[in-house]
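There is one chain below, alone, in structure tokens, taken in the form predicted alone.
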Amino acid sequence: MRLLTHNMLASNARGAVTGYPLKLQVVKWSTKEVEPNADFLRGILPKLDWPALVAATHALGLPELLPETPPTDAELSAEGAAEEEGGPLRRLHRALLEIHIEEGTLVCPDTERCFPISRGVPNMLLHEDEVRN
């Protein structure tokens, strides 16, 4: 599961008010290199919950990966931004698209309901008695 996916998931369990952002408990993660796509990153940035993304990188033990505030469009659009190792675009790219959670748990902030992540796939299925009416 990529951190991009984590940023979009919410719990729909009974008793959940917002069910977002899900707390991330990581057991195992890996990095899978992908070619940077600056246009995609600029387009997805306004849709992200930046504090939730930063919290996810902290849960991974990578607090230095992202700053507390999102990069500006100018930083992401700068000449050579995709090639600059350690630059804002490359760090955002790494956080969203190259880090994969292999094993762990997503925890609903409202109900503490745990959703397992196994082999990179989060299981968000609810038991019948947990579904909202």
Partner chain sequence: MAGCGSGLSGETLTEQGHHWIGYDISKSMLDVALERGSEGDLLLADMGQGLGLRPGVIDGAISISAVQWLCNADKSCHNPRLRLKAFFGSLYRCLARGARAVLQFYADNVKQSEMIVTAAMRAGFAGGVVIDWPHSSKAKKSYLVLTCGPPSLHSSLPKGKGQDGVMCSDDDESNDGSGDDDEAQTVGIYERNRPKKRQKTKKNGKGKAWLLNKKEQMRRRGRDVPADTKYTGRKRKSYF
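Just so it is clear, the model here is predicted, and its values are computed rather than measured. Numbering follows the first chain given and starts at 1.
FYI, the form predicted together with its partner chain isn't displayed, but the following is about it.
For the chain shown alone, residue 10 is a contact residue for its partner chain in the predicted complex, at least one non-hydrogen atom being within 4.5 angstroms.
Using a 4.5 Å cutoff between non-hydrogen atoms, residue 122 counts as a contact of its partner chain in the predicted complex. Among residues of the shown chain, residue 49 is one whose heavy atoms approach its partner chain to within 4.5 Å in the predicted complex.
By the criterion of a heavy atom within 4.5 Å, residue 32 is counted among the residues contacting its partner chain in the predicted complex. Only one of 76, 66, 97, 108 comes within 4.5 Å of its partner chain in the predicted complex through a heavy atom, and that residue is 97. Only one of 40-48, 23-31, 76-84, 57-65 places residue heavy atoms within 4.5 angstroms of its partner chain in the predicted complex, namely 40-48.
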